[in-house]
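Starting off, we have a lone chain in the form predicted alone, written out as structure tokens.
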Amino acid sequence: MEEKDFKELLKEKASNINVFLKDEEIDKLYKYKNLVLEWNEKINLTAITEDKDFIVKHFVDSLTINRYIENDKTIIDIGTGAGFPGIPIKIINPENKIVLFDSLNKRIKVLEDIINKLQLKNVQLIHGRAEEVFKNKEYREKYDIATSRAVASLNVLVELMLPAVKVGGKCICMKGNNVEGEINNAKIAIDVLGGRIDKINKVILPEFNLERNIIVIKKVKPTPKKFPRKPGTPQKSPIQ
């Protein structure tokens, strides 16, 4: 796809979810796409490489949560991978501090290069396991918003996210379709970890008619100190 066509399609598809991109934001997103695909030849970052797919399944999908992002907040994107949704959210909310968190150091090195080339300011990179990092006072309950996309089932995910968020903050969990079972299985864990489900909104991605569900969980009380548990434990034995 030609650059002009890519940018026009990106603008159109974003407008379908009521995100109206400025030209400079579109330019940065286009450059970001190219950087991801360049690195993708050296390290596996994404299976989505066709331009139309990239626009909808990465960029528009990431931007579906923009309505829940307030100004002047510190956002941590847990399990960020190639930077989704954190980097697109940063590009259109430059005043917010973004922390990109991932367990694979190779991806962190890639993200460092991408951030430098995009000239993004006030972005922090953290390499580690959520189960270990969010036991540390330096990172525990320090963030206004935690985001996560396609990382784990909800009953596992909340144990990795809620300990990072300060009381009064929120987790934005990006899930696919058929989330009712996940939500039911996670209700006890959410309560135990200090959360409360605030919103569940369904979004249909344009062009592909793909259903997404955005689950917003408010942090209403501190997370008990014993959580998160040791690495691997949340996956093996979710809170029930």
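A residue's number is simply how far along the shown sequence it sits, counting from 1. Being a predicted model, the structure only gives us computed values, none of them experimental.
Form predicted in complex with a small molecule: not shown, discussed below.
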One stretch from 88-96, 161-169, 112-120, 128-136 that, in the model of the complex, holds residues within 4.5 Å of the small molecule by heavy atom:
128-136
Does any part of Phe84 reach within 4.5 Å of the small molecule in the model of the complex? Heavy atoms only, please.
yes
Does any part of Asn155 reach within 4.5 Å of the small molecule in the model of the complex? Heavy atoms only, please.
no
Quick check on Thr74: any heavy atom within 4.5 Å of the small molecule in the model of the complex?
no
Indicate whether Gln240 is a 4.5 Å heavy atom neighbour of the small molecule in the model of the complex.
no
